[in-house]
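One protein chain, two forms: both are listed below as C-alpha cells, the first as structure 1 and the second as structure 2.
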Structure 1
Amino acid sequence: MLLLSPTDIHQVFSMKDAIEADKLAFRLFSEGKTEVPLRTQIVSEKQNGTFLFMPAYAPDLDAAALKIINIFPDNIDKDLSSAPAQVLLVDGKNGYVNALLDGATVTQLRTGAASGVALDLLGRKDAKSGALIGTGGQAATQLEAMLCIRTLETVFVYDQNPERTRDFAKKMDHELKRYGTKILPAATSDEAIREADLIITVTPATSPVFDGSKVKAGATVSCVGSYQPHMQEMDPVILERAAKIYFDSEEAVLSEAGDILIPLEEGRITKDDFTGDIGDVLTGKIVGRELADEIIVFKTVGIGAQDLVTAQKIYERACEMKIGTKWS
C-alpha cells in the first residue's frame, strides 16, 4: 500500500489535473458507469460536527474508494482544518487497498475542481471579475479553480471575519500570483459580488451570505458549502432569477442541501426549474450556457465518484513518479 501525504499529492497533481479528473468523474456518473451510494452522515450535535462516509466504484477504472471526511466548522477557530479526511483507494481487480491518501487534500482538489468544471462549462468566456465568499479550509482551491479556467483581472474575497478576510486575500494574492489576478478583500458580500462574472460560495452558513438581487446579469454562481437540510448560503432570489440550475447530482442535492430544499419547500422554485446534472452537459445530453446575459447556478454537495477518480489519477501519477511511502 502506498501512503500519500499532502506534500506527495501536490508534487504530482495540479488543479488543472483535478479539473480533468472531475470532468471524467461527472461523465462516468452521468453515464451510469459508477456505483455511488448516497453518503452516510452521522451528526455530532455535541461538537457541531458531521461524520461522512462516501463509497464509490468504477468498473471502467477497476477501482473503488472509500472517503471518510468529518466536517467540523468550529475547527477554523482552533487553527485546524474544518474537513479532516482520508481516502482508501481499492484495487477493483483483487480488493486490496492500493493507497491511503490524505483525504483533506483530495477533497480540497476535487471540490475546487467541481467549481472549476462548472464555471468552465457554464461561465462566460469573457469573464474578467470573480468573487469568493468564505475563507475556510476549502476556499483556497475554490479560488485557484476559478483562476485556472478564466483569465481574471480581479477576485474579491469576503468572510464575516474582517481580519480573516484580509489575511486570506493577502496570502492568496501571493501564493497564486502566477495567475496574474489581483486578489482583494471586500468589506461586504455586496461589494464582493457586485461586478463578479463568476461567484463561488463556500461557507457553513444557515442563512444567505449574499443578496441575490445584486448579482449581475450573465453571472455564474457555484454554491459549495451547504451540505445539510438546515444550511443555506445561497439567496433564493438568485434561483428565481436563474435561467438554468445545474447539479453535480440532483439526487444527492435533494437528499441533503438546504440551498435547494428550503426554496422548494417554500414554493419559490419547483423541480421544473432544474436543468440537470453537469455530467449531462459534458456528454452533450443537455445544453450549457446559451445566452451571454443568462444567470446560471451550479449546486454541488460532492459525490464519491469525484474522490474515486481523483484518488486513482493521483495514485497512477505517484507510481509513475515514484512518489510516496510504501507500507507493506
Structure 2
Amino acid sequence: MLLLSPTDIHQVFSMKDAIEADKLAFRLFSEGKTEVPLRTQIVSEKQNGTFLFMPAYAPDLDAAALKIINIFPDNIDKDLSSAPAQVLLVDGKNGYVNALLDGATVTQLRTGAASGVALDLLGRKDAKSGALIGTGGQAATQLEAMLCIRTLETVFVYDQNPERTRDFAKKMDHELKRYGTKILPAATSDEAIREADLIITVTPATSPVFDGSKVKAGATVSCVGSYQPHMQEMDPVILERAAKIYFDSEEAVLSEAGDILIPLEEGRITKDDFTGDIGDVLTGKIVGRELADEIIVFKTVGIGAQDLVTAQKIYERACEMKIGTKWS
C-alpha cells in the first residue's frame, strides 16, 4: 500500500489534472458507470461533529474508494483541522487497498475542480472578472480552478472576517502570480460580485452571503458550501433570475442542500427550473450556456465519484513518478 501525503500529492498532481479528473468523474457518474451510494452521515451531538462516509466504485477504472471526512467545527479552537479526512483507494481487480491518500488534499483539489469544470463549461468565454466568497480551507483551490479555466483580469475575494479577507487576498495574489490575475480584497460581498462574470461561494453560511439582485447578467455562480438542509449561502433571488440550474448530482443535492431545498420549500423555484447534472452537459445529453447574458447557477455538494477518480489518477501518477511511502 502506498501512503500519499499532501506534499506527495502536490508533487504529482496539478489543478489542471484535477479538473480533467472531475470531468471524467462527472461523465462516468452521468453515464451510470459509477456506483455512488448516497453518503452516510452520522451526527455526534456529544462533540458537535458529523462523520461522513463516502463510498464509490467505477468498474471501467477497476477502482473503488472510501473517503472518510469528518466535520468537527469546534476543532478550530483546539488548533486542529475542522474537516480531517483520508481516502482509501481500493484495487477493483482484487479488492486490496492499494493507497491511503491525504483526504483534505484530495477534497480541496476535487472540490475546486468541480467549480472549474462547471465554470469552464457554463461560464462566458470572455469572462474577465471573478468573485470568491469565503476564504477558508477550500478557498485556495476554488480560486485556482477559476484562474485555470479563464484568463481573468481581477478576482475580488470577500470573507465575513476582514482580516482573513485581506490576508488571503495578499497571499493568493503572490502564490498564484503565474496566472497574471490581480487578487483583491473586497469590503463587502456585494462589492465583490458587482462586476463578476464568475462567482464562487464556499462558506458554511446559513443565510445568503450576497444580494442576488446585484449579480450581473451573464454571470455564472458555483455554490459549494451548503451541504445540510438548514445551510444556505445562495440568495434565492439568484435562482429566480437564473436561466439554467445545474448540479453535480441532483439526487445528492436534493438529499441535503438547503441552498436548493429551502427555495423549493418556499415555492420560489420548482423542479421544472432544474436543467440537469453537469455530467450530462459533458456527454452532450443536455445543453450548457446558450446566450451570453443568461445567469447560470451550479450547485455542488460533492460526490464520491470525484474522490475516486481523483485519488486513482493521483495514485497512477505517483506510481509512475515513484512518489510516496510504501507501507507493508
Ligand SMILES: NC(=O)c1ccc[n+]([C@@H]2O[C@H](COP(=O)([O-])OP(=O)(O)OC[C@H]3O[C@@H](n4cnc5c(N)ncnc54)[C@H](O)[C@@H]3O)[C@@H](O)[C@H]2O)c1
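Only the largest set of C-alpha atoms that superpose within 1.5 Å between the two forms is called the rigid core. Keep in mind that what you see is a predicted model, and the values were worked out from it rather than measured. Numbers given to residues start at 1 and step along the sequence of structure 1.
It is structure 1 that shows the chain in the form predicted on its own. In the core-superposed comparison between structures 1 and 2, the C-alpha atom of S44 has shifted by at least 2 angstroms.
Taking 2 Å as the criterion, F72 counts as shifted between structures 1 and 2: its C-alpha moves by at least this amount when the rigid core is aligned.
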